[in-house]
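Let's start with one chain on its own, the form predicted alone, as structure tokens.
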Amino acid sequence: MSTDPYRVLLAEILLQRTPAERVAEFYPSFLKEYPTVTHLASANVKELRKLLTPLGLQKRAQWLIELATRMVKEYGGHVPDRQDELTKLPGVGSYTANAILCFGFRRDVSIVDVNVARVLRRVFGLQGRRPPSRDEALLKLASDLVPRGSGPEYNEALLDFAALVCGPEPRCGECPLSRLCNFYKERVVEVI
């Protein structure tokens, strides 16, 4: 995983509502064409739309150019390193801002998408169906769990765990957390 804030920002924006497999194939050619914030800010909107066509993200072309232009004008061509500044940029919400801070700036912040929310709600028995960004109890728990000095590694592991073990169809029989998990305890009569 890259620790370049620009690369993390691009990856997170491209991954919004787009399958990771499709982005992974596309991402290297995008970076080759737009290797820096400055290159993206000077992009031709029609060319960028054409490049984004395979992902079905043509509407994001103008948005990406605006994002990059603001970073050039307001931050000297750099990705800002504060959440309040990041969330003022087009298309950057709290999840994307935290992902950039965690992976691009190596900060100990929580990253809570729908997949991580599913894991934490299951393991800790949290109720609620609100989007993760508006679930204060979930966000506080997630923040409290981030080990100091290991935030990026922890978040990467949690994201992988959510994808590989505790997905929509959980693999409880293979889960190392089953003895602690409220979801598992409620579904299984006897904890082995």
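Counting begins at 1, following the sequence as shown. Everything quoted here is computed from the prediction, not taken from an experiment.
One more form of this protein, predicted in complex with the DNA, exists but is not displayed; see below.
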Query raised in the report: How about Arg179: is it within 4.5 Å of the DNA in the predicted bound form, going by heavy atoms?
Result: no
Query raised in the report: Contact between Ala117 and the DNA in the predicted bound form at 4.5 Å, heavy atoms?
Result: no
Query raised in the report: Does the DNA come within 4.5 Å of any heavy atom of Gly173 in the predicted bound form?
Result: no
Requested in this report: Using the partner position in the predicted bound form, report whether Gly56 sits within 4.5 Å of the DNA, counting heavy atoms only.
Outcome: yes
Requested in this report: Name the stretch: of 56 to 64, 32 to 40, 121 to 129, 140 to 148, exactly one has residues whose heavy atoms fall within 4.5 Å of the DNA in the predicted bound form.
Outcome: 56 to 64
Query raised in the report: So in the predicted bound form, are Glu12, Gln16 and Leu89 all sitting within 4.5 Å of the DNA, heavy atoms only?
Result: yes
**Report entry** Neighbours of the DNA in the predicted bound form among 139 to 167 [non-hydrogen atom within 4.5 angstroms]
**Finding:** Leu159, Asp160
